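Only one chain is shown below, in structure tokens, and it's the form predicted on its own.
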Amino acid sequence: MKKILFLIAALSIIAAGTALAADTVKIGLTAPITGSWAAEGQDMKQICELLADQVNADGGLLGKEVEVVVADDGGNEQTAALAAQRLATKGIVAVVGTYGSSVTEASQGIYNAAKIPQIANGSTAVRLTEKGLKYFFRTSPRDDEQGRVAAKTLMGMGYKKIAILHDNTTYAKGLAEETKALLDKEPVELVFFDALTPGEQDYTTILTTLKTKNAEVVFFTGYYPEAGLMLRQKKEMGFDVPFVGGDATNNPDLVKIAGKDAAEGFYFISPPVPQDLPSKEAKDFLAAYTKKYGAAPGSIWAVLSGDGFRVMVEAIKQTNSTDPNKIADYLHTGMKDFPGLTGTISFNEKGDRVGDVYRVYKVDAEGGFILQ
């Protein structure tokens, strides 16, 4: 315990000292630049760097240029903890990220101890904001809300025999349990509830087990790489049960992995995909992003990192300060209906985003994500 307290104190002193000496306003970004979620991380990096360019073109922040300091967490808990320790010594005044609840959980205590406001973008596990961390916020919604939408959607589709498959991560298991608890109260039969091991290349064994359960639908709460692979392999084995996914399946790489034929008809629950964002702020930014990088961001999660960046910039502007207590207090109580890229943004006392953002999508024959 003494070693931990010493590390926390050292990080706080180093962070405070370097922030005071900085000639730029440094905002950290922790993202999976490498690893199986690299598509998300690369978009997060490009989005935050473009937004920083736009802020600097408008005169900067507090009379200084904004600098994005990127750390690759690799989508891995251990790497994320090390990345957080490094970022905390880089003079950052706030940090955006990351993708994956387990990965975020590995870093949030480090940032909170160093009094660095953190705003996660792809981390929906309920318990992340149930710990009372003063400096932790998120632009993404929570899994208890997603669970309610998932149970309502499955019931609305008329399914009576339902299988739930997760991957034992903080996010996927939490969403599976939230959904199961709601379905247990309904006149449906839960014929399967278990986990796969993420990162494998062959899921035919668990697909064969699912086939013996005679489920009418499988609700998969894990991530897009595994979802895409299972869609492809279940088609190859002639298993035509429909799959419905949670919001971590919302990435175009799902279709690349599965193939259009296997992905067609797949439903998933998610905040709106980028092309369906209605606000002028979103349309203007996506046009600028497409002009610079040649294509729009792949999923909503990267855009939510952009909202995290914009929220932090707004908090620094409104408080005219990089003091972490002033930033956190403003986000908790002062920010009301800020015009984010993904809709208006306010936060409650826990640091959760206020409002309902979930929608239902279906993959069409061309691999497009179609709002239902």
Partner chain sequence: MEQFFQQLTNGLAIGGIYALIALGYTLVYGVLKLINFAHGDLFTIGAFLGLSLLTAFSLTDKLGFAMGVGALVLMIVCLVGIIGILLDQAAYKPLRTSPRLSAVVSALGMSIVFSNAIMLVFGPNPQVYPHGILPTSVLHIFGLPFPVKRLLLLVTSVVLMAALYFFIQKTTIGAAIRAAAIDQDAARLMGINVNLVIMLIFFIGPALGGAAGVMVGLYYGQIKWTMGWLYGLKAFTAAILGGIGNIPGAMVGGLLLGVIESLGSAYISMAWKDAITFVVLILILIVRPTGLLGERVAEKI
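From a predicted model like this one, the values you see are computed outputs, not experimental measurements. Numbering follows the first chain given and starts at 1.
FYI, the form predicted in complex with its partner chain isn't displayed, but the following is about it.
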Candidate spot 155, 186 and 222, all three in 4.5 Å heavy atom range of its partner chain in the model of the complex?
-> no
Name the single residue among 296, 217, 206, 82 that comes within 4.5 Å of its partner chain in the model of the complex, judging by heavy atoms.
-> 206
Ok, 264, 177, 194, 145: which has a heavy atom sitting within 4.5 Å of its partner chain in the model of the complex?
-> 194
Note: its partner chain not shown here; in the model of the complex, the stretch from 337-345, 33-41, 312-320, 299-307 having heavy atoms within 4.5 Å of it is 33-41
Is there a heavy atom of residue 212 lying 4.5 Å or less from a heavy atom of its partner chain in the model of the complex?
-> yes
Mark residue 105 yes when one of its heavy atoms lies within 4.5 Å of a heavy atom of its partner chain in the model of the complex, and no otherwise.
-> no
If you check in the model of the complex, is residue 258 within 4.5 Å of its partner chain, heavy atoms only?
-> yes
Going by a heavy atom distance of 4.5 Å, is residue 160 a contact of its partner chain in the model of the complex?
-> no
